[in-house]
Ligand SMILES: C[S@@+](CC[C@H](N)C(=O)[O-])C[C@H]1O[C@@H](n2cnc3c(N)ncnc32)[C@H](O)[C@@H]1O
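Just the one chain here, laid out as structure tokens, in the form predicted on its own.
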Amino acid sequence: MNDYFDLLPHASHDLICTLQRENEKKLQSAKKGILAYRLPFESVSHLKASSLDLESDVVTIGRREDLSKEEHALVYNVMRGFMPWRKGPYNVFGIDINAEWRSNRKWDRVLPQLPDLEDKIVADVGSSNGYYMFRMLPHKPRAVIGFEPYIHHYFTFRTLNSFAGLANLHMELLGVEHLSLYQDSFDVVFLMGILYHRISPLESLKEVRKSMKQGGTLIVESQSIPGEEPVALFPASCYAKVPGTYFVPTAACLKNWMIRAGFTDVEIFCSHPMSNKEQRKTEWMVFESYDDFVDPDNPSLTVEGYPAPLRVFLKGTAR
């Protein structure tokens, strides 16, 4: 569990280990919500991929011919059991998994601004099933540590990486609120799709800053509202049908948050409107998606009447 600790000399190892032991005890429990994901993971974790493609839009793990007919049917059922798939696309032993988000589009927007990852210690906060972690590997980081507090996504990643066998990818069942335990640890942090779900986004950015080495790079991607003023929308109950959305900033507001949290050279490098070309229902995510979140008569508004979301990208340097 702690095989990357020697890379993090300033981290609070004892406190992190305590949390890891608590989480491992929880993961070994017989609760139905745990077994629904742990048992499928255990049923296929012995299977190994003969090849990987982590450079293409589709993260490809293994080939159809790696498995027998029975093994392939088992993997297919396990993958279906991990629905809904939010991030992707993936191809796993020949099984095409068309996730809700076309995450390759977001990655393509980050790539021109991507800092040098070679031999770096990287954190992916809110890493979900690990799509971006896999896409980082061709850039040769020393280690990538994902922080993902949801058991569903945690075991999805564990299953995928059990097939892929990538020893420098790690995932902790922890959230952004635990980042300060990793003091002065990370050269690069990705914080994508997280801040608008936090009750105190400025405090979250400060936690992230504590985890970073001086001079490290933070990449932030966030839901946003249009406007030039440094303001944020605070919805009455929901924003785009999501009750766990709190502050939705303009890009200028988010830039100011980053500066006040301890980052310099903060730059807004991309802004674009959301659409159903990037987030939509699929056969692997059959619940409501983007089209259900916006006013059908006026797609510039959410169903609640708020400005429809933009997505903005910023980067900054930890001072």
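In this text, all values refer to a predicted model and were calculated from it rather than measured experimentally. Residues carry their position along the shown sequence, with the first being 1.
If you look for the form predicted together with the ligand, you will not find it shown, but the lines that follow are about it.
In the predicted bound form, the ligand stays beyond 4.5 Å of every heavy atom belonging to G94. Not displayed here, the ligand is approached by S128 to within 4.5 Å at the level of heavy atoms in the predicted bound form.
Shown alone here, E177 lies within 4.5 Å of the ligand in the predicted bound form, counting heavy atoms only. Under a 4.5 angstroms non-hydrogen atom cutoff, the ligand in the predicted bound form lacks R158 among its neighbouring residues. Between 114-122, 234-242, 160-168, 140-148, the stretch whose residues reach within 4.5 angstroms of the ligand in the predicted bound form through a non-hydrogen atom is 140-148.
Among the residues R135, K213, H72, H197, the one placing a heavy atom within 4.5 Å of the ligand in the predicted bound form is H197. Contacts with the ligand in the predicted bound form, taken as any heavy atom within 4.5 Å, map within 96-124 to K106 alone.
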